[in-house]
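As structure tokens, one chain now follows by itself in the form predicted alone.
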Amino acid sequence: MSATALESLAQQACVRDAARLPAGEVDTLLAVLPGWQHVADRVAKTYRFAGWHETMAFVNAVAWIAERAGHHPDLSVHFNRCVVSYSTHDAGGITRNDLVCAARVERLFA
């Protein structure tokens, strides 16, 4: 992973009415997002933590990122892990906004 490529993706703006990306472009952009997977019509990653407090701190940080971007992930929250998945429902799949927001979440750990 190139930290520069991750930062470059994370710095991009989320745009209204983003178009669905072709699968090949999704996979190319995922190369800078370690551990993220292209699953059907979404990108997802499971983050693991020592316990509940750390998990909830992460969830709150992701919520802050989502509100600032105006683009919200689906979260599956558990005691010591959180699954973050992005998909743009209006576009019927994955857009650049999803990958930009994934990069912002990933940057929490870079």
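Quick caveat: nothing in here was measured; it's all calculated off a predicted structure. Residue positions are given as counts along the sequence shown, with the first one as 1.
Omitted from view is the form predicted in complex with a further copy of the same chain, to which the following refers.
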Exercise. Work out which of 31, 69, 40, 77 lies within 4.5 Å of a further copy of the same chain in the predicted bound form, going by heavy atoms.
Key: 77
Practice problem: Although a further copy of the same chain is absent from this view, report whether residue 26 comes within 4.5 Å of it in the predicted bound form, heavy atoms only. | Solution: no
Exercise. Check whether residue 59 has any heavy atom within 4.5 Å of a heavy atom of a further copy of the same chain in the predicted bound form, and answer yes or no.
Key: yes
Practice problem: Could you run down 23-57 and flag each residue that has a heavy atom within 4.5 Å of a further copy of the same chain in the predicted bound form? | Solution: 52, 53, 56
